[in-house]
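Take a look at this one chain, the form predicted alone, written out in structure tokens.
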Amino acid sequence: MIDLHTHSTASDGSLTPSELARAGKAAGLDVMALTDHDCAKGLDEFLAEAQRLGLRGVPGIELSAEVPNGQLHLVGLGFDHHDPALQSAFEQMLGGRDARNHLMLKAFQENGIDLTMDEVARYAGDELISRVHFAQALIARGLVKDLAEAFERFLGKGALCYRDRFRYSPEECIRLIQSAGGIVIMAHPLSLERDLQALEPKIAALKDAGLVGMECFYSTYDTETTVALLRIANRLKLVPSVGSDFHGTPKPSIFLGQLPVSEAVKQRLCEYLF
């Protein structure tokens, strides 16, 4: 089995990179990518543990691209994560996240919720602070019941305390990964556009910019959605990809090893990755 979209404590997951590799092996995966948000901090640890376990580990990252509507997340795979230009770009993105976090904290305080950065950072450990960690602090306070409510009321795009941050354009994201020897997959396409007729030309434009594939097999997509996305991928000659978007505790209903796909799909992906 294969899973090319997972997260660790290097961003907003609950398992360390080593623990994630062990969990993937235990779940029956034999090919797995770590794709933390905007950073490659956990990749050396993940890849070393994957190699020790006999798991084919893939260096990855999930980038948020700047788009006028919806959300576009791009998964970079198989790149040289020590590439200096790529590392510099990652640092700029992380700086944008840090600036946004302080703006969101100020927004909470202006709306009568006296969160502190120490309180939020408690859920991130020493790693990147994300909106998920803000949500966990809100849950602990009893202000929301779960992640979904936290994002709907406070943290989702357009919500009360949401604040935007620096992002590269889709074309820039794709070029960054390609320049370091990797490929780019579109993550959870319906986040960009839920209307499939309107979505297809947007994906076609990304393909023209260098997109190689798109997640058709995704943890929250039903069979009808998967089939519809597979048809789009086929028409556009894109590789169908497989991603659980596993986070562990923050998203407890999403599991590793639950997206079995044909050997043909797996082999087609592996041809690009190894």
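The model shown is predicted, which means the values in this text are computed figures rather than measured ones. Each residue number is its position in the shown sequence, starting from 1.
The discussion below concerns the form predicted in complex with adenosine monophosphate (AMP), not included here.
- Scanning Leu72, Ala180, Val132, Ile183 against adenosine monophosphate (AMP) in the predicted bound form with a 4.5 Å heavy atom cut-off leaves one residue, Val132.
- Checked against adenosine monophosphate (AMP) in the predicted bound form, the residues Arg175, Lys202, Arg100, Lys106 give one hit for a heavy atom within 4.5 Å, which is Arg100.
- Within 4.5 Å of some heavy atom of adenosine monophosphate (AMP) in the predicted bound form lies at least one heavy atom of His37.
- At the 4.5 Å threshold, heavy atoms of Arg165 reach adenosine monophosphate (AMP) in the predicted bound form.
- Although the partner is absent here, Leu77 sits far enough away that none of its heavy atoms falls within 4.5 Å of adenosine monophosphate (AMP) in the predicted bound form.
- None of the heavy atoms of Ala89 is located within 4.5 Å of adenosine monophosphate (AMP) in the predicted bound form.
- Look at 23-31, 229-237, 243-251, 50-58: in the predicted bound form, residues with non-hydrogen atoms within 4.5 angstroms of adenosine monophosphate (AMP) sit in 243-251.
- Using a 4.5 Å cut-off to adenosine monophosphate (AMP) in the predicted bound form, not one of Asp3, Cys216 and Tyr221 places a heavy atom inside that distance.
- Taking adenosine monophosphate (AMP) as it sits in the predicted bound form, the stretch 1-20 comes within 4.5 angstroms of it through a non-hydrogen atom at just one residue, Asp12.
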